[in-house]
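In structure tokens, one chain follows: the form predicted alone.
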């Protein structure tokens, strides 16, 4: 049984809250605060209920340009919340523990980037994670643990799976919503239409196989590199440039797509045309006009029209991944139009990561019932797999 915030006696308690505020950065600090805003409800509620909130989070990966401290995140949270939010430049040191113990009820402290410590960038069984320095040292200053970091909960890191072994553990509001929606796809209205695209070809094909085998998907609409992989598997000669991009992403994708077509061709839909760059302009080509020397950058209007007809009858539309290179205004048409169509379904669910980024970039912010905060985590749950972070909460 997973306990929720409603089950937590928060008054005066020191509560460690794992959030995922990993955000794009620029010279001025946080370039997109969507993930920071996502956790405001959980933090605000705990502060209003008199908890002393110690926030755990990460930013970037070691060696990457966005690997940095969390001071800008603390400043942004302090702006967004009525409660005060301070920053601590350590995570589990004696100073960090002292600051947690001195927290006033109704206030929050953002501890330093958990990935500044090598343990957090490793994968552990839950029992071993509980014995890491991070968990062992910090847990003594806490009364309870809340996991609100759905987007990171597919990873077996100490801050995700270790604390529930030592402390009473609860799901935050973000986590609760994600579990209720993504964990109950089988209860959503039918027919269910999955729109799978983006660059994570292997992951998307894995989702397609899972939902088709389990009878969760009535139709799978393929777009982006996923659509290109299925076209190649179906014998369409896209051209060397498009084939190379798919094979660079995954040398297994075309075979995996072909195996799925052998089993479920009646439920899998592929692009009918593609858009390429020609003389610095968008050019749409029917499949009969291929191959081309230019890589496919988007789906064309014929594909959009065919997919729109299917989405019009959808009880539930599940989107994961853009239809093309939406960052380039010349090739955002497929993503824009498909997302608009999906938003009109009786119920519409959006996977996180690039899908949510596309929504914000294209200004499509209304009409969706659920926009996930997770990329890989959402894909894993949509595929019917369990998440390590969710499992660890089941006490």
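Residue numbers count along the first chain shown, from 1. Owing to the predicted nature of the structure, the values given are computational and were not obtained by experimental measurement.
Only in words, not in the display: the form predicted together with 3-phosphoglyceric acid, which the text now covers.
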| query | finding |
| --- | --- |
| Non-hydrogen atom contact residue 246 with 3-phosphoglyceric acid in the predicted complex at 4.5 angstroms | no |
| Non-hydrogen atom contact residue 360 with 3-phosphoglyceric acid in the predicted complex at 4.5 angstroms | no |
| Residue 269: touches 3-phosphoglyceric acid in the predicted complex, heavy atom cutoff 4.5 angstroms | no |
| Interface membership of residue 110, 3-phosphoglyceric acid in the predicted complex, 4.5 Å heavy atom rule | no |
| Residue (of 204, 303, 242, 152) lying close to 3-phosphoglyceric acid in the predicted complex, criterion heavy atoms within 4.5 Å | 152 |
| Proximity to 3-phosphoglyceric acid in the predicted complex, single hit among 76, 115, 87, 156 (heavy atom within 4.5 Å) | 115 |
| Answer range among 144 to 152, 276 to 284, 169 to 177, 250 to 258 for contact with 3-phosphoglyceric acid, defined in the predicted complex as heavy atoms within 4.5 Å | 144 to 152 |
| Residues of 1 to 27 having any heavy atom within 4.5 Å of 3-phosphoglyceric acid in the predicted complex, listed in sequence order | 20, 22 |
